[in-house]
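Two forms of the same protein chain are encoded below as structure tokens; each is given separately, as structure 1 and structure 2.
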Structure 1
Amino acid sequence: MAVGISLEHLTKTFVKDKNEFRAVDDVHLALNPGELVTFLGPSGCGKTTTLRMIAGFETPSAGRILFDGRDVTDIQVNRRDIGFVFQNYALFPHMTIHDNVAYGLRARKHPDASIRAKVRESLDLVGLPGVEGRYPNQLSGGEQQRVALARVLALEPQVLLMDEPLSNLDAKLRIHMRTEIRRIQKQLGLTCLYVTHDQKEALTLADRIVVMNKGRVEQIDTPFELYANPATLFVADFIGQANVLPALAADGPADYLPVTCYGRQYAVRYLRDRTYTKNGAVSLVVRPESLRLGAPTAATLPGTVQLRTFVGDRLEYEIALPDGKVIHVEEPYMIGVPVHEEGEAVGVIVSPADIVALPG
């Protein structure tokens, strides 16, 4: 049965050369039973340390970890009923696939007949029937990762923890494996926490994403909300690509926030829990695919094409605005659609509904 997980003011401080470094800084969040949550952020942001504290491999400096309300902060790893899939697979090269998957079951003294049945069931679940007699070096990287997952699933954990499990695979195999992981997680109804620095992986897999930066949580939300309504400039830039335009709030917020940007007036979306003041500086976040190019008019932002790149299904442009700021525009490529040349003066068409304003 899946469990809910709560982290209450979780903190981890390391000491190196008599200097303290706070790797995880007052993380507070709740994960629902059966939910797949990804921890996303750059290297060193604290995501793996958070996962290791939940697993019991690291001891928190402060805060609590709760499984369905039960405090497991000081409970040993083998009593938390978790399964951990490592980045490097951690298979025993001298053991057959059967013995690798059976390893944890034997440690728990399951009967031999039960072990054989559970190994077959787990390998079937990950799409590897009939490989029990092979050795890890006889399998591909993707197959080895599936064996590592089968070994964990054989123990029927309540919580599945995965630390960048696909980082050693090639791009095509990663796409296939993340689909398989999502299928298995949903089929079993497991609560799953998944660490990655790959935004596409996070967006594809997650029910919700925890974006971390410098040990702190920047935003927790669904992939759709994170992309459409980033709460900070860090999130806007880390999730996808974002153009950030300087503007002034022309008035206080109402249903929309009136702003002035390069002399143009817009009424845009804004964050209801933030403070916006009349004539106060704001940053307008707009995605490259939300912009379009046309002829310069009084209603468009004036710009010049600096660079055009053809990538098959779309055209990517770098557009210089009057103050020298460069923004990115992506347009789908279709036969008959005008293609703009480098050096050409263009008008950037902005839809206010596609903009979100952040204070400052």
Structure 2
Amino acid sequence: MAVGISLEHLTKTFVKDKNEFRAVDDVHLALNPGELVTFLGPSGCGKTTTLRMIAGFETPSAGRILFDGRDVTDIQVNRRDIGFVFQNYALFPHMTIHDNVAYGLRARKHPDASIRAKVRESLDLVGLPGVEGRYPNQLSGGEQQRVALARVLALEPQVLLMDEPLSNLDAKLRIHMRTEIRRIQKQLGLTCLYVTHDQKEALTLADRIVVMNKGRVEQIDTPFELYANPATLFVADFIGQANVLPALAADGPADYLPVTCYGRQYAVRYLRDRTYTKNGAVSLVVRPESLRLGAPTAATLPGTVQLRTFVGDRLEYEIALPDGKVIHVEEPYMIGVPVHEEGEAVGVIVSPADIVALPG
């Protein structure tokens, strides 16, 4: 039943106080059937608006939405055969759990007997058997969100759309529900779009992540690629922690790029588009956990330990470079890794394989 979704140059402009504001700006992407894709970005980046356009709550200002190649842009939300899970659950407070889950089936005029069976089946699927007779306010937040999920799953929708479904839950429950959602999505083979601002949630759940910023798509990739090979500084900074070091690139052979950073030479592997890095300023992105500390040598970046924080399994250092710039280094806390003191002069060891070079 799963379908593929294409967004073609999707744009949404709002007019506020006579100023045009592009909430979603030329979003162009394709989702495969059965794939779970998260939309990740800071608040106001257009991720929720994009989701609401796919659902049919908002009309695009330009562009098309296709389900399996069929244009659904002008189809009303109640004819679009989507399942939408809201951040605040949106359970009908005046109906029992049974009536809530049966709601969509009744709208589709299913016979009563099959509704009863379907409701039970859906509640079993989300792990909440036997709550049919209760009202939403008699359930906890996590249970309410499961009912909201069951209400949608009962309809066997082609597409499952989720708008920050876990952000109202506490941390422990969130992790549990995350795996539940993943299990159910895989079991039913649903195409699922999931909006979140929580990068951990996006990394753990998604087959692919769409990172959005200011209405535009910054990068679409698997969690691994996104973390290891960010396409922009924004992505590098938004996903995980990143040190950004200024450097100068020189012309080089096809398979690597020679750069100079704080007087040290590194051979950085090429990434994406090589034109931008030729003979110009580049930014080197290095993750704190791929840096190591040692004694200062001619091959290392000279620095001073400014702050040391012990977090149990690792030590987090803030190292001041000669020009005053501060970088973050994380080292595991284990035998064989020396612990450095605040004020100590150290050398920061950078492995060229861990460097990503970006323009500017």
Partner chain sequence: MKRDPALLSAITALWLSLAVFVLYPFGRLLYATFFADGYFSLAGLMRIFTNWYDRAAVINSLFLALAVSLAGVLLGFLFAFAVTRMSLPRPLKWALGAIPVLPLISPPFTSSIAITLALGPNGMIFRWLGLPQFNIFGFWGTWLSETLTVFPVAFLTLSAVLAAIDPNLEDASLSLGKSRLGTFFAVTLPLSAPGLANAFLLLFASSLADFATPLVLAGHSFPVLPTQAYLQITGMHDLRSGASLSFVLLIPALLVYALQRYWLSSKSFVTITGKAGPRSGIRSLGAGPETAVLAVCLLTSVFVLFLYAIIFLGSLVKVWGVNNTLTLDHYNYVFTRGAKAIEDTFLIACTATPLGAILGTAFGYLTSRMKFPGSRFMEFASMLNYALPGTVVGISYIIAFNTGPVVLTGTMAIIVSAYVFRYDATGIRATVASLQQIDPSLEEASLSLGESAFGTFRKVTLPLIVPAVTAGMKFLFIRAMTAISATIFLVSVHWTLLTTRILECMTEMQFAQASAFSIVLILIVFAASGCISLAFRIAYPRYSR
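Residue 1 is the first residue of structure 1, and the numbers go on in sequence order from there. We call the rigid core the largest set of C-alpha positions that still match within 1.5 Å between the two forms. Note that this is a predicted model, so its numbers are computed, not measured.
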Between 1 and 2, where do we have the form predicted in complex with the partner chain?
2
Once both forms sit on the same rigid core, is the C-alpha displacement of residue 134 at or above 2 Å between the two structures?
yes
Residue 345 C-alpha shift between the two structures of 2 Å or more, rigid core reference:
no
Taking the rigid core as the frame, does residue 335 move its C-alpha by 2 Å or more between the two structures?
yes
